[in-house]
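Here you'll find one protein chain in two forms, each presented separately as structure tokens under the names structure 1 and structure 2.
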Structure 1
């Protein structure tokens, strides 16, 4: 049964993905497009161009951190829906440290900026988990409210407290940008162009793939090893599986939940740093939103597997880069790809639930057969 279960668990997402492509094809037919041609264009655009591959990895980088943040919370039985607000606060603190600390070498300044981002995420995760543990407030409600507070707070700091009033006018615009001061060069995350050139890979300059991508990979591997090889990882899985049993076994469930949720917040604080330090170089009112909510889908599709988060994030990056290609070459609206993403999420979630139901049913049947055989043997 174990072999069959693993085979089903591997097959379910693939079959769900094929079903989602079929449903997406129906939507494409409805708007007068050839599904096969659209999908072929997407694959060619994504896989035959070096700038597309780099863009896919760049687009997947924030989703890796976001998916890991949500997955860590899920592992301990907590639903951290506040990654969105946590990464905004992380980006705010990182930006403040990035433009205000002058005279530091890059090997000190850049790590301080990254740590400031993680600290911001942890601070914004602290109140919801304390309310959860001390007052029983559900983390979904409190983190949703904290998201709205984070948006308003960051907007206030950008437009009032730290508004850059000494910036140069952007060519073609009659008014300055609504943003905080630019980060110092010592606070910027370098791109991977130089490293890739030593490997003979000439990545186009307009692709901003940076070192946060390999950092995300390393963090995912470290979290996987921690979950399955370290005592703390065992405590996380035990608390997430059955808090009462974990408490009986001597595990401090409240302390474990607190530390896991703060770890989730720290990971969330890294979500926006690839864009902030590697691309924009400043925090403004148009800073990218939505990574936190997409991270929930990434974690769910990866079934809270730390290594699975990497593949799922790259899948979303593939779809988003492909959306640009089919929009440009096939005239397919961007909304169609958003629909496809939603169908993929629903299909895989349903497929996983069906597999779980089937496995539980088979296990019950096997237990009944064993009991029947033992009774027959006893007679």
Structure 2
């Protein structure tokens, strides 16, 4: 039974994924594309080229962190929809530390920058959780407002406080970017090209896969161990499962919620760093948005499993890389991917519900059968 149950648990995400592809197919049909052809192109583009593989992993890196941040929140019963604003503030602090501290060796500067990012995320998570615990303000509304404030605040810092006015222009070409100063070399995260070369893998230079990817995997494993082996992880799950019972059992639920939400914020602070330290090297007004919302899809599809997040983040990286491919080769708008993400969130929770009903009905049938069998062979 338990093995069948486990198979059924796997069925829900697969059903959801299939359903999402079906809905995506309807949208493709609506604009006159052949869905099968599009999906086929996507697979071929993604799996037949080394740069695609590297790009998939690069694109999945921020999603691992945002998926973990959301999943940790869900585990303690809180919905952190503020990952978006938290990683913006994280990127802001990381950027400031990254361009302003001169003369440090890389092994001090880089960790400092990463810590600054985590601190920024934590800072932005602090107010919503305090308002939740002290005043009962629902974290969903407050974190969404914090997202909007973060966008405006980061814009203010880029345009009015730290605007880089000493940009070198090629004579007569282009206009200055609206961005903060470039990070120092000691604050940049190295790419994995050198390491992969020692393994005999020649990753193309235009792929920016960097060490945040393995860091994300390590972090997921560490969180998995913490959640299932450490006392704190047990408390966290207990509070998320049934806060009243946890309180009765002597767990300080308020403190657990506070620390878990701050942890979620710290993880969120890492989301933007792969792009910032591994690719752009500066914070500008076009810094990528939306990782926080995709993180919700990543976490839900992984059913809030820390290790599952690695897989689902890579899956979303796959979809995003594939979207680039089908945009280039089939003329399909990239935004199809956003629709898929939304549909996946909705269909996964519905699929889980359906599987649960099915399991309950099976169990009921089994019990009834047992009772009749006992009666039949009773005496």
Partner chain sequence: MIGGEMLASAIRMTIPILLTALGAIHAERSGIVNIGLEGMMIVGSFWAAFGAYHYGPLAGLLFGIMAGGALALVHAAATVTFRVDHIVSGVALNIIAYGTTRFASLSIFDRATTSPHVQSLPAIDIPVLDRLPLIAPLASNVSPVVILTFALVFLTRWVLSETTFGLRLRAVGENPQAADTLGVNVFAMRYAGVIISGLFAGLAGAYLAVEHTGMYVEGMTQGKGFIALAAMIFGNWGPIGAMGASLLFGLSEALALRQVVEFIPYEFFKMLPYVLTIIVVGGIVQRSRPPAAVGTSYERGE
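The term rigid core refers to the maximal set of C-alpha atoms that superpose within 1.5 Å between the two forms. Numbering follows the first chain given and starts at 1. Only a predicted model underlies this, so the values are computations on that prediction, with no experimental measurement involved.
It is structure 1 that shows the chain in the form predicted alone. Core-superposed comparison between structures 1 and 2: the CA of residue 339 exceeds or equals a 2 Å shift. Put the two forms on the same core and the Cα of residue 49 is off by less than 2 Å between structures 1 and 2.
If you fit the rigid core between structures 1 and 2, you'll see the Cα of residue 354 move by less than 2 angstroms. Core-superposed comparison between structures 1 and 2: residue 25 shows a Cα shift of 3.4 Å. Here residue 367 exhibits a Cα shift of 6.3 Å between structures 1 and 2, evaluated on the superposed rigid core.
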